[in-house]
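Below, in structure tokens: the form predicted alone, a single chain.
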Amino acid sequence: MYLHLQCTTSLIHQDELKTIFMINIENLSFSYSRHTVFSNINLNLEAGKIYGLLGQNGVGKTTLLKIIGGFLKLKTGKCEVMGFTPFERNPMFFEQMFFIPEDFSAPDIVVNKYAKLRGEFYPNYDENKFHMLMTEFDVNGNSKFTKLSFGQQKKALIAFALSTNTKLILMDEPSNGLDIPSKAQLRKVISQASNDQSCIVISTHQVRDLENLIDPIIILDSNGVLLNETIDRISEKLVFRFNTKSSKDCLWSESSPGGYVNVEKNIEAEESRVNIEALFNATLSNKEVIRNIFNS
């Protein structure tokens, strides 16, 4: 979608373009002191999607989420979210955005009281939905945050975030600290929360935890966005095969019990299930090749 619209931008009035994308990033550059994190990144995100934001450790995934969420000020470039400039900190923007950090300091307050007090800041907060999600997550809302395990604290925060019914939810490594049953619950509640008017962006390095949930896939590095494509388009351009040996024509091959997972150009229009972990490794190992494949 991004590549197609980029080619037809000249045919669309600028005001109309703003309504198409929930998040519009142009020529974004950002540095911490002398360390450059991003240089001229361009990225457009639509409503109605659950984006998976992937990248190597330290590449700037959390920084990008904080820029989108209005917690960091841009050095150069443009970041527009729902028609707002995030760092201007318009209260109407924060009413429609929720950021879930990877790590947070739990307040010394009963969870249900926390939700009731903070829910007043969100016009679309649904208290019944919050209690339903707490039951789904099997977390006792009558306990103080500080009496819960880290995994339970995180589930309580996610339950509250989804109950605010904001148009934009940013999640930084939401599956970290969760056990296997909780990860299944997480996938279920996020899937149920998604709708045509909302956008959910999930930064993760645990792709297997969210493999059947995130779509489109964004792969990021410090030099730009390597990939921003839907699962359907990825399966159209690439084929993922399980063979007894590595293919000489593959973009990526990794050993797996019983054989190899190979990623190749999809020359014969074959159907295959996208392996996001293999896709990630293939993209990092063949940046220009992948860019050319999806630009063609």
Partner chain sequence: MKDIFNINRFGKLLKKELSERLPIMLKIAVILSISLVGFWLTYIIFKTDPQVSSYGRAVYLFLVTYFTAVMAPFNMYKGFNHHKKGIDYISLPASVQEKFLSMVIISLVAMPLLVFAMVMMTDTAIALINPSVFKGFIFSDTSFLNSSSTSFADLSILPLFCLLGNLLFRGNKVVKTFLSIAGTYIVFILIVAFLFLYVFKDQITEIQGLQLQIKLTVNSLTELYRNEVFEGYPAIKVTIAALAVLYNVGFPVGALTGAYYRMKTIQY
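Positions refer to the first chain, counted from 1. The shown structure was predicted, so the numbers you read here are calculated from the model rather than taken from an experiment.
Quick note: we don't show the form predicted together with the partner chain, though the next part is all about it.
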Could you check which residue among 85, 146, 192, 105 gets a heavy atom within 4.5 Å of the partner chain in the predicted bound form? 105
Just to be sure I understand the contacts: of 208, 113, 78, 188, which is the one whose heavy atoms reach within 4.5 angstroms of the partner chain in the predicted bound form? 113
Residue 90 versus the partner chain, in the predicted bound form: is there a non-hydrogen atom within 4.5 Å? yes
Is there a heavy atom of residue 121 lying 4.5 Å or less from a heavy atom of the partner chain in the predicted bound form? yes
In the predicted bound form, residue 213 touching the partner chain (heavy atom, 4.5 Å): no
Given that the partner is absent here, does residue 225 sit within 4.5 Å of the partner chain in the predicted bound form, heavy atoms only? no
Does the trio 231, 245 and 280 actually contact the partner chain in the predicted bound form, every residue with a heavy atom within 4.5 Å? no
Options 105-113, 146-154, 192-200, 128-136; stretch whose heavy atom lies within 4.5 Å of the partner chain in the predicted bound form: 105-113
Residues within 4.5 Å of the partner chain in the predicted bound form, restricted to 219-250 and counted by heavy atom: none
